[in-house]
Ligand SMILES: Nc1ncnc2c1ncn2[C@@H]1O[C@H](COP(=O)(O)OP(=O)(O)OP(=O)(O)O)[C@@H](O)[C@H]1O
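What follows is one chain in structure tokens, specifically the form predicted alone.
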Amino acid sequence: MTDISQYLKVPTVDPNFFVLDEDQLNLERLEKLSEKHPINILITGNQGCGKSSLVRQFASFYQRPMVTFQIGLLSEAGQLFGQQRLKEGETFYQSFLFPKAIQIPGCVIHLEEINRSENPHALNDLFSVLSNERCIWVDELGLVEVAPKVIFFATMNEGEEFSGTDEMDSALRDRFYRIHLDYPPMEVEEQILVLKTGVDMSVAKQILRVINKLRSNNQMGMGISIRHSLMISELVAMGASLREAVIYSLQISMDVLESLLLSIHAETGDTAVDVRKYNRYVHAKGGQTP
């Protein structure tokens, strides 16, 4: 077998990664179950809430090699395993990383955006490798068997706001245990902002008071994820005002922005950014936020 060690590495531990006790306990149970029989885990939740990070930290904690496959790149069945290629006028079969990776004992296989493939039929091959039999016949490769203790993780965003996604096939979903991630409690998110961006706790509290107003605003039309709160905190840590950090981290309508800036002013007294100047810039750009 081709040496693929350069592609399969144990991820680095993030000492500031937070997970709910309940989710951690169930992940521990599932890891133990993987010693007895095949395990597949589906991670769902709001965008930017740490789905992919959770997969990486699981692999890191249990010292498992890991590789990620972008399911959104698939357009036809069999594409995960390999494709016919042309070289010097002759065709040959090019085997890809996937069949090699799933034959590495204990490997974590991350199927990212599993509901975003260009063609739903492109996922047909997954039914066999995710089943209890854990094997598939590929004409060019022969019988491909999944190695012991391999765990398949799939992550996905759900909802009409995510273009290019499909509802996951119920027969495919049925092969997974499911963990749903939500926003962490406010006191946990405060610690995340402090540890990852270096802002003071008082500043983190201020940022999250504003963000929670956005999260409860039905006019937003978008979720304000932990990724967004980190982006805002990073700009504040670099010397930006809270108003500036919000403007340049979020893509929101002008009506919501004006209301938000007023609430920030009430919260902080911050008038560092003149919203009228911002309005003129947006108008000059054809109504699009920068």
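Don't overthink the numbering: it's just position in the shown sequence, from 1. Since the model is a prediction, treat every value here as computed from it, not as a measurement.
Although it is not shown, the form predicted in complex with this ligand is what the next lines describe.
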For this ligand in the predicted bound form, the stretch among 172-180, 192-200, 76-84, 124-132 with residues bearing a heavy atom within 4.5 Å is 192-200
Assess the spot marked by N40, R64 and K149: is this ligand within 4.5 Å of a heavy atom from every one of these residues in the predicted bound form?
no
None of L27, I247, L230, A240 but one has a heavy atom within 4.5 Å of this ligand in the predicted bound form; the exception is L230
Consider the chain as shown here, without its partner, and state which of N46, S34, T68, S60 has a heavy atom within 4.5 Å of this ligand in the predicted bound form.
N46
Exercise: N16 in contact with this ligand in the predicted bound form, heavy atom 4.5 Å:
yes
Does S52 make contact with this ligand in the predicted bound form, using a 4.5 Å heavy atom cut-off?
yes
With the partner left out here, check for me: in the predicted bound form, does some heavy atom of Q206 sit within 4.5 Å of this ligand?
no
Taking heavy atoms only, is I226 within 4.5 angstroms of this ligand in the predicted bound form?
yes
